[in-house]
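First, one chain by itself: the form predicted alone, in structure tokens.
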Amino acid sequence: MSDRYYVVPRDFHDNLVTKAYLDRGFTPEESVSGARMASSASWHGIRTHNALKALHLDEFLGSGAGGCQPGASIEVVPTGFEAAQVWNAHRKMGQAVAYEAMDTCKRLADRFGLGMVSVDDAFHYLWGGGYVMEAAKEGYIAYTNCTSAMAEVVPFMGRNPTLGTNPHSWGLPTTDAIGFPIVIDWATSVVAMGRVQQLARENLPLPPNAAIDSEGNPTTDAAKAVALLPFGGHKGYGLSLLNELMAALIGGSLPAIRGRPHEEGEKNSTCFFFQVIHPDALSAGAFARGRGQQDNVKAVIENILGPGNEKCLLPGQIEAAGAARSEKSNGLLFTKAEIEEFNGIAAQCSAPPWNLKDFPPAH
């Protein structure tokens, strides 16, 4: 991967992304949410789910194709369960829905020890790790999964994509113990489609056994990849299937039709699930040697990374390093190819183009 990056001021980036969403008819609140998620992803080095991915997804599957409804309102569906809410998002922008859902879960967790929000009929929320990371930084245990905007993944031993990349994201409040939250965040495919697009843009190969071409054969050529394979064979397949069945319980429809023309009466939107747990709701209090809860977490992590394991990375450590590099650079880091693509977005919404000479190289 190219390591030649240029530093773009965060507000410079956010202003362009917000304007791009406004130009597509989104409300100011939605547009700010879209820019917030894109900025967070780039700040933490998540280049596969940055603004380029978000706006591309919206153009081809979202507001540009009827899969997302700018300005839609969330409908709260009665459940009879105080710590659980169910929402009909009416195809509202996923990022705006996700931020509101996570805030709702935190309020419920403060009151009941845990809170959950299930969302039907939404548009993809992009980087699930960003939502759980923010909650974990505030001291909560957070989880989310979702179904993807379109079927891109082939079931184990299959040839036809009928599953989404269907990510799972956990955030754990470990900042006091190790300096950053542990964030376990992964797509259930070997790579995300955003990574395929990124590698194609940089003219770099895919890892082996990550994707298939139009003939159903494995390929490492990102430009020829038409579908993805689940990670770990049957294991990734099972986790992807879990998302689809959770969505089916919420109200999701046939996964194979998402992102494609579909039968009358069927739905091709996505479903989300969010859960937040207050750490105090888990504590039995009887920690060894009189340790407190956070001291116990630290002791467990140190034990796992004991002699022989000192070089092992913790989930979330790469994102924390990405954030540290952005902090040191005082801005978001993009390659020349990415900046050129941002200029395409600027042209679409009549914004001034970015001049590469205005951005210092990152060190």
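Residue indices: 1-based, along the sequence shown. Because the structure is a prediction, the values reported are computed rather than measured. Each form is matched to the other, and the largest set of C-alpha atoms that superpose within 1.5 Å is called the rigid core.
Heads up, the form predicted in complex with a further copy of the same chain isn't pictured, but that's what we're talking about next.
Although the partner is absent here, K267 sits close enough that one of its heavy atoms falls within 4.5 Å of a further copy of the same chain in the model of the complex. a further copy of the same chain in the model of the complex is not approached by T220, whose heavy atoms all lie more than 4.5 angstroms from it. a further copy of the same chain in the model of the complex is not approached by Q95, whose heavy atoms all lie more than 4.5 angstroms from it. Under a 4.5 angstroms non-hydrogen atom cutoff, a further copy of the same chain in the model of the complex has S253 among its neighbouring residues. In plain terms, the part of the chain that comes close to a further copy of the same chain in the model of the complex, with a heavy atom within 4.5 Å, is 102-110 out of 220-228, 102-110, 126-134, 194-202. Of all the residues from 297-319, those having a non-hydrogen atom no more than 4.5 Å from a further copy of the same chain in the model of the complex are V297, A299, V300, I301, N303, I304, L305, P307, G308, N309, K311, C312, L313, L314, P315. Annotation for N209: C-alpha shift of 2 angstroms or more between this form and the one not shown, rigid core superposed. Shown in the overlay between this form and the one not shown, fitted on the rigid core, is a CA shift at G158 of 2 Å or greater. Remark: with the core as the superposition reference, the CA shift of I250 between this form and the one not shown stays below 2 Å.
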